[in-house]
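One chain comes next, on its own, written as structure tokens: the form predicted on its own.
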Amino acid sequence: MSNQLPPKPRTPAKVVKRVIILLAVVALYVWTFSSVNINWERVFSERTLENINRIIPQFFDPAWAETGTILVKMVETIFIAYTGSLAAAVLAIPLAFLCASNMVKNKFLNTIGMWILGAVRAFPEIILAIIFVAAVGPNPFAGVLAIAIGSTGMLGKLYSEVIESIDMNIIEALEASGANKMQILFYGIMPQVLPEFLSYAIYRFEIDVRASSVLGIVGAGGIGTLITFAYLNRNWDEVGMILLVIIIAVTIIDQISGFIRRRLV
């Protein structure tokens, strides 16, 4: 005899519900495309096809002569991402403890902490970069600040969820044995949360490398500066070389960080 359960009968109500959902999704897509005012005639015009046939082949014929300059800027991009991610990983810890309801048993303070993290996450890194470029000038430091502030919001949220999921029995046992606050922190809380803290920080570093690649477009340093110059000068072969370097660098970093995160968790 088969162990498979018999198929659930399709009632008219379920069929109508699925049809309504399908129509709603289709209507949403139609409304979205109609509201962005896409000029389909221009998209499929002969000039557009000529531009594609002229530009795309240059992407696959990269400017190898610019490899040295591009690699220097790629290293700068990685340094921006690393410094910003490291700062965010540290800044997110106190905010995470403030948001964790099992650590700070004050709803008002928990709410304030969540508002801070929510407000920080509301700003994309490119917007933060524009603000910091105006504040400290067009240099890599502006990119570091943008990455640090932007990453703090995400890491703080993830850290707080990790803290709230710890085994409180260990904390209670330490308190019963007379341990003080610092001993509870270092022997009861941090051993439980540190592996996941490090895993999330490394994962965020992966994301920040990608984000740092475009911050140079607004003057925040990194390889994005070269992308801007190459685009303005219509050097599509140089753009192709830049994209190739970014793809290789991001792939290597993803593989290494993925291996480290698997070992940690």
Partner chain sequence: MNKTDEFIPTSLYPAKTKRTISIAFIVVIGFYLVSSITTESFIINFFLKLGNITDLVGRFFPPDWGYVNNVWPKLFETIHMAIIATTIAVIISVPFCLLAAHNITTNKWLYNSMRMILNIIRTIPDIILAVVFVGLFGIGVFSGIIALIIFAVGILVKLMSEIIEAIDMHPSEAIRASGGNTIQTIWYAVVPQILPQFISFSLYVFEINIRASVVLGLVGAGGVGQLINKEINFLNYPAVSTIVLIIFAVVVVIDWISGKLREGLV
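Between two forms, the rigid core is the largest collection of C-alphas that superpose within 1.5 Å. Positions refer to the first chain, counted from 1. Since this is a predicted model, take the numbers as computed values, not measurements.
Just so you know, the form predicted together with the partner chain exists too; it's not on screen, but the next bit is about it.
Novice: Hey, with the partner chain in the predicted bound form, do 59, 121 and 144 all fall inside the 4.5 Å heavy atom range?
Specialist: Yes, all three are in contact.
Novice: Just checking whether residue 48 would be counted as a contact of the partner chain in the predicted bound form - the rule being heavy atoms within 4.5 angstroms.
Specialist: Contact check for residue 48: yes, within 4.5 Å of the partner chain in the predicted bound form.
Novice: Indicate whether residue 19 is a 4.5 Å heavy atom neighbour of the partner chain in the predicted bound form.
Specialist: Output for residue 19 is no: heavy atoms all beyond 4.5 Å of the partner chain.
Novice: Is there a non-hydrogen atom of residue 83 within 4.5 angstroms of a non-hydrogen atom of the partner chain in the predicted bound form?
Specialist: Within the cut-off, so yes.
Novice: Applying a 4.5 Å heavy atom distance criterion, does residue 26 contact the partner chain in the predicted bound form?
Specialist: No, residue 26 sits far enough from the partner chain in the predicted bound form that none of its heavy atoms falls within 4.5 Å.
Novice: Using a 4.5 Å heavy atom cut-off, which stretch among 96 to 104, 156 to 164, 135 to 143, 170 to 178 contacts the partner chain in the predicted bound form?
Specialist: In short, 135 to 143.
Novice: I need to confirm a contact call. Of 126, 71, 190, 114, which residue comes within 4.5 Å of the partner chain in the predicted bound form, counting heavy atoms only?
Specialist: Here the answer is residue option 126.
Novice: Select from 201 to 224 the residues with a non-hydrogen atom within 4.5 Å of the partner chain in the predicted bound form and write them out in sequence order.
Specialist: Contacts from 201 to 224: 210, 213, 214, 217, 218.
Novice: State yes or no: after fitting on the rigid core, is the Cα displacement of residue 27 between the shown form and the other one at least 2 Å?
Specialist: Shift at residue 27: 2 Å or more after core fit.
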